[in-house]
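Quick setup: one chain, the form predicted alone, written in structure tokens, and binding and motion questions come after.
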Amino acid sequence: MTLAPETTDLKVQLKLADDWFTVCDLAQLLPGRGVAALLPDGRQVALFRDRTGALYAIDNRDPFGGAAVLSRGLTGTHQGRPFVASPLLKQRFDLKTGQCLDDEAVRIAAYEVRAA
């Protein structure tokens, strides 16, 4: 299946503190694939867009391996919950909450995200 090019001027924005931060053009997010972005404070965020158009943003750093690689993970769903599996050790992280689905003691940051 070939996706038609996006013809919108919408931007992807993250809620940081009390303000919205523009990260990229919506067209840069392909459904099912992640993109890493650098935040003003030096942290990295992994952005995802699913096939329904829903947007997700989580910390890009894998807490198990320590590398900033979650944007390169595989996406899927488990019991209706969208997740990304780390490319390192394959732990799955809920894209809405940041909760690790394989170790309930581990959670990463999840960000409020919108297209505006």
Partner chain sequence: MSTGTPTIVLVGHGMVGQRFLEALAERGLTATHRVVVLCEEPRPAYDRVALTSYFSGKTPEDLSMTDMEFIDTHGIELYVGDPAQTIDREAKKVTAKSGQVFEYDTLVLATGSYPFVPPVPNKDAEGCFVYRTIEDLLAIEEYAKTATTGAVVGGGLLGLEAAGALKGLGLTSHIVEFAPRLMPVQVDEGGGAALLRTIEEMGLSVHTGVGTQEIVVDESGAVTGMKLSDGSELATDLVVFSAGVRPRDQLARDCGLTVGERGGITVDEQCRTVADPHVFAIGECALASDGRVYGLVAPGYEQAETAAATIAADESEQLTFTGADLSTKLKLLGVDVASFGDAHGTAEDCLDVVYSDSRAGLYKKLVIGRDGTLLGGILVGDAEAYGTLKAFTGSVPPVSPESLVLPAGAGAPAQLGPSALPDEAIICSCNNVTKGTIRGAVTDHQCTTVPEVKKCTKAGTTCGSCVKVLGQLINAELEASGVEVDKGLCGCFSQTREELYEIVLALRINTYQDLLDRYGRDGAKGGDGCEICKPAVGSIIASLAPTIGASGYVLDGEQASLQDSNDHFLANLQKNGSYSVVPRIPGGEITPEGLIVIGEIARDFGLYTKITGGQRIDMFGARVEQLPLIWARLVDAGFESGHAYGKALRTVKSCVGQTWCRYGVQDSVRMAIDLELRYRGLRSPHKLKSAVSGCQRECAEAQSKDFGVIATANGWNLYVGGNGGATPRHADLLAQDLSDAELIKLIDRFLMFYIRTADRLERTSTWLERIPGGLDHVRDVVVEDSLGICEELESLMADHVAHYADEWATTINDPEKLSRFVSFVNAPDTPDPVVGFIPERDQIKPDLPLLSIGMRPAEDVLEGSAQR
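All values reported here derive from a predicted model rather than from experimental measurement. Residue numbers count along the first chain shown, from 1.
Form predicted in complex with the partner chain: not shown, discussed below.
In the predicted complex, every residue of the candidate spot (C24, R51 and V69) has a heavy atom lying within 4.5 Å of the partner chain.
At the 4.5 Å threshold, heavy atoms of K11 stay clear of the partner chain in the predicted complex, well away from it. When contacts are judged by a 4.5 Å heavy atom cut-off, L16 does not count as touching the partner chain in the predicted complex. Shown alone here, L55 lies farther than 4.5 Å from the partner chain in the predicted complex, counting heavy atoms only. Shown without its partner, the chain has P31, G32, R33, V35, A36, A37, L38, P40, D41, G42, R43, Q44, D50, R51 in segment 31 to 59 as residues with a non-hydrogen atom within 4.5 angstroms of the partner chain in the predicted complex.
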